[in-house]
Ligand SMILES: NC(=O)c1ccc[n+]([C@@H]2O[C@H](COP(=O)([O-])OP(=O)(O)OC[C@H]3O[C@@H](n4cnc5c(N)ncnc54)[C@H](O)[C@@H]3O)[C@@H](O)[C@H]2O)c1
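As structure tokens, one chain now follows by itself in the form predicted on its own.
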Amino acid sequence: MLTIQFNGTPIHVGSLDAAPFKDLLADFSTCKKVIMVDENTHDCCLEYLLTAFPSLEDAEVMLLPAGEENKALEVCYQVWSAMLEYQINRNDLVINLGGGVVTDLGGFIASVYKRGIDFIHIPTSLMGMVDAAIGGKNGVDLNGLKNIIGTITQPKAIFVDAGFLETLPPEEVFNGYAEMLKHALILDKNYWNQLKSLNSEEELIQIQHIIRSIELKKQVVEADPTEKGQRKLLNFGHTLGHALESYFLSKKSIAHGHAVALGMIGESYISYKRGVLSQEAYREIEQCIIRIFPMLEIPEEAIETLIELMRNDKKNERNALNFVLLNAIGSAQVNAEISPSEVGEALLHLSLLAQHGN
């Protein structure tokens, strides 16, 4: 069992049976517990939790609808109403058992209910373990825009048990891979060299890779917990990626990790065209990502819509398009102002990659 202290929050990496989870539950022995799950973790993970930890047998289970399209205030209202009905109080505990949507939603719900009650995360997806559950960000989408409403509130504890990854289909494992690649590209060339040639989900879920991503995110967030400066590095691939995710949500939706992977190609391409990233490094990044993630054709008429979605990104300042650009593999810069024409060229390049691949 490895415990990493992260802004005062312990992250316990290892089997939940061996973690101090029982001790934490004992601290709340006289309190009510709420377990947040979605349809997937309800079916695949909840039974184990209730069986292995009998003190949870009286917990209230809140079933959240799965999928990014359900990360909405309407769902929060329903859960808050149920929590009032169950008389959940400020000294009670919320347990978020699920992937990124569950930890985002559950953390937000708990962080504002009665001005905040304790919550913990038990991420069950690779995306959750290496990124979504780590760092204290909680939020919901609004009008198709990602995480526009939210808080930065740290959970009481995070329990990372790689055993839950056995419940995931391969495509979900590779969605987490996108965030691992992001950590490597902005911070650690050696980590990139370890990750870039991995092919199977078994290789990806090795515990040393999960731990390295947690360490890299810890390094950035602890230096800038409220995202005033260097924490913005973690948005690499996300300005463009979030726009693609929002655009395709009302059509044929794409997973967050897939969108981020496309965003990393687009933002690396802009870095290369600006002359801050070498052509050799750009080609290496492109080849790694297109080997794993399918490219998507982007209709030319969608480009203006995508640019408008990027203008509404919460990270922008003074209505400028702010991107994270790569200087080299393992080194990046924040707050690079990008013109709409540069964004349009990157989107056209992504579409050409899709056409070439087909």
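Treat the numbers as computed from the prediction; the structure is a model and nothing was measured. All residue numbers are counted from 1 along the displayed sequence.
Below, we refer to the form predicted together with the ligand, which is not included among the displayed structures.
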item: Among 267 to 275, 76 to 84, 202 to 210, 94 to 102, the region lying within 4.5 Å of the ligand in the predicted complex by heavy atom distance; value: 94 to 102
item: All of Asp38, Cys45 and Pro169 with a heavy atom within 4.5 Å of the ligand in the predicted complex; value: yes
item: Contact label in the predicted complex: Ile134 to the ligand, heavy atom within 4.5 Å; value: yes
item: Phe164 within 4.5 Å of the ligand in the predicted complex, heavy atoms; value: yes
item: Exercise: Asn235 in contact with the ligand in the predicted complex, heavy atom 4.5 Å; value: no
item: Contact of Gly128 with the ligand in the predicted complex (heavy atom, 4.5 Å); value: yes
item: Residues within stretch 256 to 271 having a non-hydrogen atom within 4.5 Å of the ligand in the predicted complex; value: His256
